[in-house]
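Consider the single chain below, provided in structure tokens and representing the form predicted alone.
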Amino acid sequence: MQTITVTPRGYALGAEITGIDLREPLSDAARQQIMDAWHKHLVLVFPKQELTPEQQIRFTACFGDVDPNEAAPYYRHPDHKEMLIVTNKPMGGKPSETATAGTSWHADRTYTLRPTKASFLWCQEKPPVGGDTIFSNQYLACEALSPTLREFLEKLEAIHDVSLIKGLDKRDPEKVAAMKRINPPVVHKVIQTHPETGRKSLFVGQRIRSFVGMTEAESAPILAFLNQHATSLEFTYRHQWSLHDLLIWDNRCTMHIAVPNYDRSKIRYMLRTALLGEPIGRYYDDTVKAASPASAAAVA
């Protein structure tokens, strides 16, 4: 019988889960313990998990619908469309296009109608120093705002744009053009209510173009404040990776950033699976038809 131990790693968020081998089938009791810890700590670290891609995908599927990565179909594992390769390691004799992935504050796939529910990232190779990931608790960020500002933000919707992904301009132009076609700008509320916990959180980040009904110039200072506030140190947990760590985080109430604080001649190789989130967004351009091939791919 599996005996799971939950040990907090950070005050704002983050906990380590031990006493479980993720290569083995997950019992209902273990799944519930993990869910309870996840809702409480938002980011879970499973150390020393030597997983095959199939085992990681199977574990991911225990918690919801696995994302087939139709919104970003070019960086998938060659044998598993559900898995993305995030690395600075050359791929197919060419520099990796995901070397700078995640190096700005964001929640995953907010540029789609169904932003990622949960991300599962497994460390296969890592540099000897650095390559950390920092997470921020958006429940706390929201709750720390004044009631007056929260009331103002409750009315705001933000335009999320895939073209604002940092480093996208350095990737293959044809792939980038296709990603933009697949993912036209979408609108999400700035304050979201978590569907499982009922708590409110900020839903911001550095992939927002502007607010609906406001110009970019008007939006910029508000966005700058919100992103600075949302990533304040008191809301964060910094994860220093160890080989074969598996991390899970809740994208609906956290943001994260991959810190490029390592020697780029050293390999950082991660495998990512994810869960599709709830359909919470709408297209910014009302002329985009949900039945079109590009739009269907974005919500598949």
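Remember, it's a predicted structure, so these values are computed and weren't measured experimentally. Residue positions are given as counts along the sequence shown, with the first one as 1.
The same protein also exists as the form predicted in complex with a small molecule; that form is not shown, yet it is the one meant from here on.
Exactly one listed residue, out of 86, 187, 153, 72, brings a non-hydrogen atom to within 4.5 Å of the small molecule in the predicted bound form: 86. Checking 37, 275, 258, 45 against the small molecule in the predicted bound form, a heavy atom within 4.5 Å turns up for just one residue: 258. Here the marked residues 117, 157 and 284 all miss the small molecule in the predicted bound form; none has a heavy atom within 4.5 angstroms. The stretch that touches the small molecule in the predicted bound form, counting heavy atoms within 4.5 Å, is 248-256, out of 248-256, 29-37, 60-68, 47-55. Interface membership of residue 41, defined by any non-hydrogen atom within 4.5 Å of the small molecule in the predicted bound form, is ruled out.
Looking at residue 133, you'd find a heavy atom of it within 4.5 angstroms of the small molecule in the predicted bound form. Among heavy atoms of residue 230, none comes within 4.5 Å of the small molecule in the predicted bound form. Looking at residue 162, you'd find every heavy atom of it more than 4.5 angstroms from the small molecule in the predicted bound form.
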